[in-house]
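What follows is a single chain, given as structure tokens, in the form predicted on its own.
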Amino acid sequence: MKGYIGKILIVDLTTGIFEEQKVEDEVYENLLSGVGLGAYTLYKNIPKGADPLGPDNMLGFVSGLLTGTGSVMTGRWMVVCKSPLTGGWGDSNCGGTFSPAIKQCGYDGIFFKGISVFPVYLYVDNRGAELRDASYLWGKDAVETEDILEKENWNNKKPAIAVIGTSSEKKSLISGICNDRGRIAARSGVGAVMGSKRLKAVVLAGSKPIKCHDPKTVKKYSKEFSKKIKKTNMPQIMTGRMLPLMGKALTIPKNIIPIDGIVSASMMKKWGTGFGNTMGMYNGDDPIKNWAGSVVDYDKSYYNNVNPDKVLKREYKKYHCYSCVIGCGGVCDIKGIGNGEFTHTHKPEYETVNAFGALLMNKDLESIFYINELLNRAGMDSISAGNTIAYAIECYENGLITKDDTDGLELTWGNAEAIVELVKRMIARQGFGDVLADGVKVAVKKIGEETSKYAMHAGGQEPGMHDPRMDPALGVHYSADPTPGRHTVGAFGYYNYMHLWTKVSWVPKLKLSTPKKVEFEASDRNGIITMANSCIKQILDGSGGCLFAMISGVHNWKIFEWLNAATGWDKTPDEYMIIGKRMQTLRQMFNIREGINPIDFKIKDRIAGRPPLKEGPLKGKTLPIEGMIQKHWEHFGWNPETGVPTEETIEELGLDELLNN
């Protein structure tokens, strides 16, 4: 009884052959499950130079080591592949109810290789696995498909379903994989890989038990955390109109103020991620006008329209992912919005609201609700789609494209009608929408190199809606992570909330006397912090844990203690951080093998503050991004100039021996 199953399923879509493979204990002890197991499997099975959209690429659905053990906030599932968006390592993370279903079918992961001749879906229950014809589902959106498959396969229990929409069928490089009618593993182009394999869905209906070494201890820590969350509430007098003031207040102190991360749960419980819709306007967190503007541009007359209280007015029920005790999600009534074809949608996340709000200078909240459902059904990443449209608008504004190029659309800032229409055309790969359907890097190749200065990305992936000129660690993680452009890897703010120094011996403790300006230095201190951020994030993704739980603090949400209780191991937090370092290094090794030059993932100059903004909260701020990246790599034991893991580090982590077994 170890928390993990010890077995994976490999499905060859070309031949229809299924293969169960045993996974040795040493793999879990060195790499956990989740992304670690995925990286191990893909590194050993994908041939060097494989076409990401070809038969040699492998697509894996992996569950976390802690999922189903009785721990709370550990229901995330991950998709892994060679990314068609970046050409290197790809993974994407999603909530919902799919993660435990993988393990209830008797596997820690389900992997696909090859390409089916016709559309299929995989069905798995306690009796085994089979591929079924999905031709009748091809062309349907993700929600329609899930409804049909749920009805057809609901026998003794409700099945868990992961599915692609039409955007993934058309192999959009910014498409993802959906479950629970709109929760999306959106990044790295994982949907395009699934679409290229003609795999429409994965339907899981197993009911096998998930074992745990010490369920009493796991339950004890779960009760403790749940009790804290229950007591953590936002005062009733706190409204969305106060959030910009809170954001502004955060800019006043000149020194770093350590904050117990549990307070973040109160905001999540009330608004979900939507508190960021306006809170980040005055502290500079929210990117505006294709990363070139500020709250001076998107002022109160704009941002009042995306006040999260206005979003909550349409929320009619809360949404919790599996084993979640916070419940940041929600379902909203959108009857009467758009063309009236949709009645409800998952509450738009902050990322979507900002990507289709401030980033585009759009203040029409109803258009954002409508776009949210369009993208959820198509399975297109809202972060990448919003950044790509921002690029197109700036190209149009500067005369690099005209109405003739845009099929008559007037792509001006804040033109909600044109933005909605362009989203539809991107989903359908119709006209100018086809030019943009694969993100900004591909669009530059199609439109012209002279437009590249308006294309905001890191290594081909558009960045999340958090500005590194406010939190420089974000710039390091956008640039130096094997999956670039990801806001969920780490930030100085995350580090502040997590209180890693209470568990890990070698990380810096934040002190009230530390001035904020040190965060803008290419220092050993910052290199250690960003390295630690990456390591703990890998542990999180190996466990199936939620980032919002991690941000509440390791002194509250006891991931290290849960891992020991679930497995029977007796590892220290320092030893788990070595596992995180090993996982991160393996993902970087995958990139190096595939010919990726790590420095090519560096964020665009505009995002790094080159030249710096002339107004707003980020006025005059520039990141020493190259130096910060070098310090990050140095503390990983990678070559600080190239980002290539050294032979000494690979040997020290035991990766050479592990991969050759």
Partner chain sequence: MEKKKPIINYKECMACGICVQACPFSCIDFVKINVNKDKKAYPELINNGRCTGCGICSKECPVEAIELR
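Here the structure is a predicted model, which is why all the values come from computation and not from measurement. Positions refer to the first chain, counted from 1.
Form predicted together with the partner chain: not shown, discussed below.
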Residue-level question: is residue 100 within 4.5 Å of the partner chain in the predicted complex, judged on heavy atoms?
yes
Give a yes or no for residue 111: in the predicted complex, does one of its heavy atoms lie within 4.5 Å of a heavy atom belonging to the partner chain?
no
In the predicted complex, is there a heavy atom of the partner chain that lies within 4.5 Å of any heavy atom of residue 86, even though the partner is absent here?
no
Within a 4.5 Å heavy atom cut-off, is residue 324 in contact with the partner chain in the predicted complex?
yes
Would you kindly say which of 511, 403, 317, 151 lies with a heavy atom within 4.5 Å of the partner chain in the predicted complex?
317
Of 219, 140, 429, 555, the one that lies within 4.5 Å of the partner chain in the predicted complex (heavy atoms)
219
Work out which of the listed stretches, 618-626, 600-608, 66-74, 52-60, brings a heavy atom within 4.5 angstroms of the partner chain in the predicted complex.
66-74
Taking 246, 389 and 517 together, does each of them reach the partner chain in the predicted complex with some heavy atom inside 4.5 Å?
no
Contacts with the partner chain in the predicted complex, stretch 150-164 (heavy atom within 4.5 Å)
154, 155, 156, 157, 158
